[in-house]
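Quick heads-up: it's one chain on its own, the form predicted on its own, in structure tokens.
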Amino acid sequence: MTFIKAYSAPELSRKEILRYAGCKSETDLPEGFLEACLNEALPVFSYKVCYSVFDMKVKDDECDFSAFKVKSKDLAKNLGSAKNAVVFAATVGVGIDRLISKYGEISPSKAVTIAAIGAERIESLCNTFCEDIKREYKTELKPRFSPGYGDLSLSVQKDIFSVLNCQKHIGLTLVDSMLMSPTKSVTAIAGFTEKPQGNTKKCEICENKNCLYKGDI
């Protein structure tokens, strides 16, 4: 069964927005610039998640979620001995894509900053959702793992979209390249665990050392 959650705006982190924008501090931007971008961008967001919880088992590099199977050494390592996992898709809507497109040619710096706001918003939504799941199921969660991380193929998007019916439930579509529309969206898998995972962030488990967004975490 697929469940749907809609959220009000999660807590905002200016520090994360600046990191996504490639800035060390707000002084790297013109005075009032970030605030002006926030005032224009924040009203366009809508925060939606669809998800299912599956019984699962891991054998070698195969992760069996009953509804679908995935071969990935990195995902198998991430899930470990988990017996259940939440598979979810989250989006902050198409409005931010329209703003980024609007400013792409007339103000590239504004487009970059608004894109950074969108990146922070979808990550904050995923964090909020995962905290919800922990409370609802009285569990801890492994760090969420998305198609494209490590050796987990982007083609797994097809399985996630199929089992969750993302287009019907939250208006999220998948194009031939396995990318999503709206673009500020995430699909992910997070295993249930009894052991608290601390403040582990997805950047800390990703092996891409050259990522623009890795930054100082």
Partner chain sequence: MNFCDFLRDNIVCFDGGTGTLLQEKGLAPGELPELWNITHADIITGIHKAYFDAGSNVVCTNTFGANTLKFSDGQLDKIINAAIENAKSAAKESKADGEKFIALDIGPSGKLLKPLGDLDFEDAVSVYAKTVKLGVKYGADLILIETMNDSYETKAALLAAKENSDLPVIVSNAYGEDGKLLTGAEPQAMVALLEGMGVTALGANCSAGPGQLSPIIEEILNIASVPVILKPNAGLPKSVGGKTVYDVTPDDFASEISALIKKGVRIAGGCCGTTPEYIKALKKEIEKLSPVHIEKKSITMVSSYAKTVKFSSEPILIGERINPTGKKRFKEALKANDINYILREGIGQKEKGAHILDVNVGLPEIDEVLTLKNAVSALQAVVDLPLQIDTSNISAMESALRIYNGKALINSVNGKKESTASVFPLVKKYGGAVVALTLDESGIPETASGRVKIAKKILAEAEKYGIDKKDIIFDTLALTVSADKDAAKVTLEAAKIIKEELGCNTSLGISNVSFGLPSREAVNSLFFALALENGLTAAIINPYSAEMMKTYYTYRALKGLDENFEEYIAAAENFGDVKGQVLQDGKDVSNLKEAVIKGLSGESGGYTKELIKTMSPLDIVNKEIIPALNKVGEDFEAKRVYLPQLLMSAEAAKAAFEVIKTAVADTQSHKTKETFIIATVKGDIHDIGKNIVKLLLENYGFNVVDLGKDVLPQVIVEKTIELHAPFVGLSALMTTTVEAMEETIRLLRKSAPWCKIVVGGAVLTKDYAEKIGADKYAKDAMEAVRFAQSEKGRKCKNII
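Residue numbers count along the first chain shown, from 1. Since we're looking at a predicted model, the values are computed, not measured.
In what follows, reference is made to the form predicted in complex with the partner chain, a form of this protein that is not presented.
At a distance threshold of 4.5 angstroms between non-hydrogen atoms, residue 154 is in contact with the partner chain in the predicted complex. By the criterion of a heavy atom within 4.5 Å, residue 195 is excluded from the residues contacting the partner chain in the predicted complex.
The shortest heavy atom separation between residue 42 and the partner chain in the predicted complex exceeds 4.5 Å.
Within this chain, residue 102 lines the site of the partner chain in the predicted complex, having a heavy atom no more than 4.5 Å away. The stretch from 92-100, 75-83, 138-146, 125-133 that comes within 4.5 Å of the partner chain in the predicted complex, counting heavy atoms only, is 92-100. Contact annotation: of the candidates 70, 58, 180, 188, the single residue with a non-hydrogen atom within 4.5 angstroms of the partner chain in the predicted complex is 180.
Interface residues of 1-23, taken as those with a heavy atom within 4.5 Å of the partner chain in the predicted complex (partner not displayed): 1, 3, 6, 21, 22, 23, in sequence order.
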